[in-house]
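Only one chain is shown below, in structure tokens, and it's the form predicted alone.
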Amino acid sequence: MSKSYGTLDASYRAAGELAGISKLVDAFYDYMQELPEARGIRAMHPEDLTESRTKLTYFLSGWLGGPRLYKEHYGSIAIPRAHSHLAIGAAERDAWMLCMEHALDEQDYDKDFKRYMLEQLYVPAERCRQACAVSRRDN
């Protein structure tokens, strides 16, 4: 695996910059709508996914070392806290990851970068699950 992923804008460039990230996000949400395993997480989103697609694209841009578009357009975000009101458990986390795995498979990315992305994206996905568990426990 390239040691440059996660350094400066290496991941952003490996993802194809904004156009590549947009393509990944579109595939991700397409799988969310198609996969039976994703019905629960799809129901957590608005019917019109336009803003969800934009927000994830902008978030991933900055997260991958590119322009911090999410912050520019929406302000700062703490992903786990922003999702803590939802009922995200292991099944929902895994469904999200499954959609992302399928979306990554469609991309013309290096296989090492695809593996890197899945490993890295698991971290915020798991933190969302943990934040939701704490939120449910506190209520």
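All values reported here derive from a predicted model rather than from experimental measurement. Throughout, we count residues from 1 along the sequence that is shown.
Absent from the display: the form predicted together with ligand HEM. The rest refers to it.
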### Query
Is the gap between L64 and ligand HEM in the model of the complex 4.5 Å or less for some heavy atom pair?
no
### Message
Using a 4.5 angstroms cut-off on non-hydrogen atoms, would S52 count as touching ligand HEM in the model of the complex?
### Response
yes
### Query
Is L121 close to ligand HEM in the model of the complex, meaning a heavy atom pair under 4.5 Å apart or at it?
yes
### Task
May I ask you to check whether P46 falls inside a 4.5 Å heavy atom distance of ligand HEM in the model of the complex?
yes
#### Entry: Candidate site L18, K23 and D26: all three near ligand HEM in the model of the complex by heavy atom within 4.5 Å
no
### Query
What residues of 59 to 75, in sequence order, lie within 4.5 Å of ligand HEM in the model of the complex by heavy atom?
F59, L60, Y70
